[in-house]
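One chain comes next, on its own, written out as structure tokens in the form predicted on its own.
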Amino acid sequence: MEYRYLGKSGLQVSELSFGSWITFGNQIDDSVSTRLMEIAYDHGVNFFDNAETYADGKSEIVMGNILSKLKWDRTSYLISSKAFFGDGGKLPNQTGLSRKHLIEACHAALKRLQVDYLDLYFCHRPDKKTPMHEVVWTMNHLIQQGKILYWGTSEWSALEIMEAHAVAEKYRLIGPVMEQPQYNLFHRQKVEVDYRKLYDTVGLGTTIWSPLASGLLTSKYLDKFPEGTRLGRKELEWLRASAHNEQRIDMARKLNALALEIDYTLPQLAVQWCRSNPNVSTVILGASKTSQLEENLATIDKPALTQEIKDKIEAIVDNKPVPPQW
């Protein structure tokens, strides 16, 4: 496993990391969750991603119990949480980015994860109703209290990230260090175009999610729609509607053929393609089976993608975003 600095910060994060969205406390048994974390850690993964909203807090409880059981050296791994959607409550102040919710969500995450501090704390979505200075000040208060070490955003626009940095600069505070956007062969605009100037100016790091496009970039959907998959879950009908279509399935078939030609699997090709972007700090993997995780982690032992292969990939997907011409 290789490690990259998280943007311009001094924090080193494994190029491949592990997240618990959908699976922990929901889709898989706790014993499987434990084994998945053990496999990831044994392969050099040092970043484990979570959020208050995953399984309405149950995901963090499961991960916290595993960390307590495994007793890893706390200096050897990074743990995250995210706040915005809440952990199931829908009353006023139980969601959003108000000072009240950010602080209470942080305290709840620390309790569920059974840790003294969060290495990374994300604003899970932008909050149009909370002033930016309130968000930035609150995150800095949590840093000063030692409850979080780095703060960032998830699915914010470049303009919103820059607004946060402008507030931080004005008051001599710490701005967001990292962003967690979706990034894969079907979803490229933000990482490749929208954020392109932020990597050098504010030193933005990225912890990208869904490298396999919610499973489309695996062998699962190459034929008929299978049972028991992520996109088949009722609560993810919105994701299936936007992600699953015949055009993408056809691309996946062609990408699968290319992967087999170079002794890759389709998921490994998709992960390696994301990993080859120097502005990606870490690629978050998700899995419900140990075999899936082991296959994806094996990407680190594969040769780097040549420019010829990258060109063939571009020819198949034909969706490279173009920066605006000013």
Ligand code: NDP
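All figures in this text were calculated on a predicted structure; none of them were measured in a lab. Sequential numbering from 1, following the sequence displayed.
Quick note: we don't show the form predicted together with the named molecule, though the next part is all about it.
Contact with the named molecule in the model of the complex for S214, defined as at least one heavy atom pair within 4.5 Å: yes or no? Yes, S214 sits close enough to the named molecule in the model of the complex that at least one of its heavy atoms falls within 4.5 Å.
Taking heavy atoms only, is G19 within 4.5 angstroms of the named molecule in the model of the complex? Yes, G19 lies within 4.5 Å of the named molecule in the model of the complex.
Residue contact check: D49 to the named molecule in the model of the complex, 4.5 Å heavy atom: Because a heavy atom of D49 falls inside 4.5 Å of the named molecule in the model of the complex, the answer is yes.
Is E295 a contact residue for the named molecule in the model of the complex, using a 4.5 Å heavy atom cut-off? The answer is yes: E295 has a heavy atom within 4.5 Å of the named molecule.
Okay, which stretch from 131-139, 94-102, 251-259, 117-125 lines the named molecule in the model of the complex, with non-hydrogen atoms inside 4.5 Å? Partner-contacting stretch among the options: 117-125.
Which one, V280, L285, M37, L269, lies within 4.5 Å of the named molecule in the model of the complex by heavy atoms? Here the answer is residue option L285.
Need the contact residues for 148-187: heavy atom within 4.5 Å of the named molecule in the model of the complex, sequence order, or none if there are none. Stretch hits, in order: S154, Q180.
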